[in-house]
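Only one chain is shown below, in structure tokens, and it's the form predicted alone.
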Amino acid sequence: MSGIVKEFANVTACDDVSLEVAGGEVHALLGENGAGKTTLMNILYGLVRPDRGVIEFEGRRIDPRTPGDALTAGIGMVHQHPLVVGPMSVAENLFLGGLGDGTQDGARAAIAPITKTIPLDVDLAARVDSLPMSQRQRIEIVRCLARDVRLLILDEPTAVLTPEEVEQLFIEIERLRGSGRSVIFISHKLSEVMRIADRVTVLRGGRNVGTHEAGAMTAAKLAAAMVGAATGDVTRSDGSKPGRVRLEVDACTITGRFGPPELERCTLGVRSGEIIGIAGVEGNGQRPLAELLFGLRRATSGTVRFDGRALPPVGRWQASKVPIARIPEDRRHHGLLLGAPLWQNLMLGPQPPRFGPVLARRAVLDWARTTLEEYGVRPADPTTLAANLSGGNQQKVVIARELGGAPEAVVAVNPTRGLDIRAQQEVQERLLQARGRGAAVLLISTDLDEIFALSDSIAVLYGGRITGPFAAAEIDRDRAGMLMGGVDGG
């Protein structure tokens, strides 16, 4: 790719970017959110048209105008946000990707060579929108790998995978490299990049600021190249002691549509000035617990209380002005109105500012611009549509909306998933600041590093049941890992 330029409204996503990938190479692409990585790859995959630039693949010039053109040329892409059709079955989604005939048997036969290495472990008749994010992304990974591609683009492929699934994916990447195929690997996890990549290209501000041999770099050097400066660590302890219980889940059960309960007699109390981390492999009850605390689902039995009072019924939170910030896992579908400008999205928070009976447009825009600048959203233009921001900047908008009003409690689900190092630290610092102001914070995360970095107490979800919480000093990663696998090591 040579001299690639792409401009959106108020944003230059790619500014004269060039990239060279060799045959049989795993080439990592690093950069902060909004650095232009996904836009560059969307251009290569035919999803976005460049304003200028040339693409050559296997010695000939190509001009992919659609993903079909890219696949025909031998280029495939697995997206950070799975491009699947929710109301359709897994088998039908595979058929849309050119695999099988839409039936379970046809799909099973089409993906058999891949699933020997990367088991799909999904009911092929299941509706995709009933599956957790990890399984949705695995469908796209299998769908892409089952095609005869010679260059595979992986955009944050491990963000929603378990450690075991990551290992399986890396085995497949090694197989692809060994067969002479090339892989472009986009990730914010520097340990993964150092392990799997041959070379690393760093984008910053829409420009290529350097390509390096991975073996000659350290994680610290790569982090500094990404952000233009060294990064530090968040500091968990502020010396304060938790206060009274604010957010309480009392013996809550949510009955599943089929099979065992999705959540079974879950009991938990989060105190003022405390972060409780909920660890667990995805699919063990995190989603129903979050939906219960977001006011989106009713408990079959049990009660959710705030300050000793039962929370209002499903659908009544906004009208009741419940002072609980909600940071959902899926910012695109559950966190933002993508077709609305940023100022409107900011106004949907739990505690928006008051502007009187009539909204004064100038006052609202000034407030929104100040908020966006405070939280590092780029661009900080309140009239920009949420859909036009990078994933990381979309997440910053969610954080600004939910935490900007100093909420009394926070429920955050994988709040830093898919974010670069600097953005991860900014979000984590915001959660710590909320705790420091006296908020009761419940952090539900599949990232153990994040759980141990932020939590005062740690609980584990497995099979819809909760164990703990334990004081952070009383549980180590080995014990947490055993509990996450359903084994209590004592």
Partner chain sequence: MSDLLDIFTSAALYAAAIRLALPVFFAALGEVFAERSGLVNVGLEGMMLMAAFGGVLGSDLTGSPMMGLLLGLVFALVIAAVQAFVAVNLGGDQIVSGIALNITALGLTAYLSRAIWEGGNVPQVNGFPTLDPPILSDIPILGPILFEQSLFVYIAAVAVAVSWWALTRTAWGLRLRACGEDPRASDSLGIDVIRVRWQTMLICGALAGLGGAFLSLGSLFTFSDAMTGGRGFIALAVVIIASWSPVKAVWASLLFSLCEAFALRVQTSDIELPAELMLALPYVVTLIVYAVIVGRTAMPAALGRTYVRE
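Rigid core here is just the name for the largest C-alpha set that superposes within 1.5 Å across the two forms. Owing to the predicted nature of the structure, the values given are computational and were not obtained by experimental measurement. Numbering follows the first chain given and starts at 1.
The next section is about a form of this same protein that is not shown, the form predicted together with the partner chain.
Are any of the heavy atoms in N42 no more than 4.5 Å from a heavy atom of the partner chain in the model of the complex? The answer is yes: N42 has a heavy atom within 4.5 Å of the partner chain.
Does F95 make contact with the partner chain in the model of the complex, using a 4.5 Å heavy atom cut-off? It does: once the partner chain is placed as it appears in the model of the complex, F95 has a heavy atom within 4.5 Å of it.
G464 within 4.5 Å of the partner chain in the model of the complex, heavy atoms: Close contact is absent here: in the model of the complex, G464 is far from the partner chain, nothing within 4.5 Å, heavy atoms only.
So in the model of the complex, is the partner chain close enough to L71 to count as touching (4.5 Å, heavy atoms)? Although the partner chain is absent here, L71 would touch it in the model of the complex, with heavy atoms inside 4.5 Å.
Select from the listed residues A214, L83, A251, V166 the one whose heavy atoms reach within 4.5 Å of the partner chain in the model of the complex. Contact with the partner chain in the model of the complex is made by L83 alone.
Listed range touching the partner chain, judged in the model of the complex by heavy atoms within 4.5 Å, from 22-30, 429-437, 447-455, 63-71: Single hit among the candidates: 63-71.
Could you list which residues of 37-61 come within 4.5 Å of the partner chain in the model of the complex, counting heavy atoms only? Heavy-atom contacts to the partner chain in the model of the complex: N42, Y45, G46, L47, V48, R49.
Aligning on the rigid core, do we see the C-alpha of T103 shift 2 angstroms or more between this form and the one not shown? T103: C-alpha displaced by 2 Å or more between this form and the one not shown.
Once you overlay the rigid core, does the Cα of T72 travel 2 Å or further between this form and the one not shown? Shift at T72: 2 Å or more after core fit.
Superposing on the rigid core, does the Cα of K396 end up 2 Å or more away between this form and the one not shown? No, because once the rigid core is superposed, the C-alpha of K396 moves less than 2 Å between this form and the one not shown.
Just say closer or farther for the C-alpha distance from I75 to R332 in the model of the complex, relative to the shown form; it changes by 3 Å or more. The answer is farther, because the C-alphas of I75 and R332 separate from each other in the model of the complex by 3 Å or more.
Comparison of CA distance in the model of the complex with shown form for R332, N93, at least 3 Å: Farther is correct, given that in the model of the complex the C-alpha spacing of R332 to N93 is increased by at least 3 Å.
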